[in-house]
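Only one chain is included here, represented as structure tokens and corresponding to the form predicted on its own.
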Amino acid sequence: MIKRSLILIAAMCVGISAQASERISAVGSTTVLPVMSQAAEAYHQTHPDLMITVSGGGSGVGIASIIQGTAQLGMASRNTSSQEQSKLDGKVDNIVIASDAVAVVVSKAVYESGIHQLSLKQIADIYHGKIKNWKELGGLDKRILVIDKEASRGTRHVFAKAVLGSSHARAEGASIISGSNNEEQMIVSRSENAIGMLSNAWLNDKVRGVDVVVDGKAIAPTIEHVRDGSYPIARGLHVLLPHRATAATKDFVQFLLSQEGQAIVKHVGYLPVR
């Protein structure tokens, strides 16, 4: 489970020192951010002269930072688009370091009123504004607070493609557009009638993940169901590494894929790739 105290950090510097021989900037997805931040801390223990700065902004920001050459590493929780790929011009390695489930989350009060599972169609109807009250689904008599995410967010791309049919589909029923995972988690936890989208690692007592019904079977947003391929809203978590990257940057990415780095992935709550 993600620790809230970690994610409240907008940017994190590891190894700040006037003697730092090299600086690495990692920018992008707030889903990938906790893995990158914890890995940077661990890596600094054996590389004290290296300063690593980790900051969020979303997958679109991370990919753009690599296209523009303003960061050494990009973090993304979605695949790059064909347009982005053309701008990257085959000069970047897109490395998957983990996988996770994009959970359909609801407020605790909604879950406790009996909403434990939803079909993809029901979720789509909520986001399109066709279902407006939880009582229409057997829950409490409250208008649904529908939370969408900013267009640049990887979680939004993956959710919209799986639920709404296109990564750029509109969500006419949404009344709030959130940014970071931490922001959306707080909105849901403080509400009694919300629905949103978050990585499975961000679930807690006040932010509950509902099962998604596929072909009549309710499938929970768990790592086990990501592993067996049954959960319908799953994705890889990526690091974009330019071919021109320094040896130190490439070595840090190898650390992310090492046994120690993959142990961090598991600790955060994601599925390791190794």
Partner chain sequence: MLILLWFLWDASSAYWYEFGISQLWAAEWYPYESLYGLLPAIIGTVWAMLIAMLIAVPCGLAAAIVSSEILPVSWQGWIRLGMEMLAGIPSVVYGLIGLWVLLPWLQYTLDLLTGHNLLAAGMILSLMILPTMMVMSQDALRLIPIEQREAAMNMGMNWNQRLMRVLLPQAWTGIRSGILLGLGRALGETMAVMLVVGSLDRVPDPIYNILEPAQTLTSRIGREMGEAAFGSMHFSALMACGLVLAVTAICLSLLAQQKRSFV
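Residue numbers count along the first chain shown, from 1. In this text, all values refer to a predicted model and were calculated from it rather than measured experimentally.
As for the form predicted together with its partner chain, it is not shown, yet the points below apply to it.
Shown here without its partner, the chain carries Leu145, Glu172 and Asn193, all of which come within 4.5 Å of its partner chain in the model of the complex through at least one heavy atom.
Although the partner is absent here, Glu183 lies within 4.5 Å of its partner chain in the model of the complex, judged by heavy atoms. Although the partner is absent here, Gln45 is not a contact residue: none of its heavy atoms lies within 4.5 angstroms of its partner chain in the model of the complex. In the model of the complex, Ser152 approaches its partner chain with a heavy atom inside 4.5 Å. Contact between Ser178 and its partner chain in the model of the complex is found at the 4.5 Å heavy atom cutoff. The chain is drawn here without its partner chain; in the model of the complex, the stretch among 221-229, 62-70, 242-250, 201-209 whose residues come within 4.5 Å of it by any heavy atom is 62-70. A heavy atom within 4.5 Å of its partner chain in the model of the complex is found for one listed residue only; from Lys135, Lys108, His116, Lys87, this is Lys87. Residue-level contacts in the model of the complex: of Ile95, Ile187, Leu140, Leu164, one residue has a heavy atom within 4.5 Å of its partner chain, and it is Ile187.
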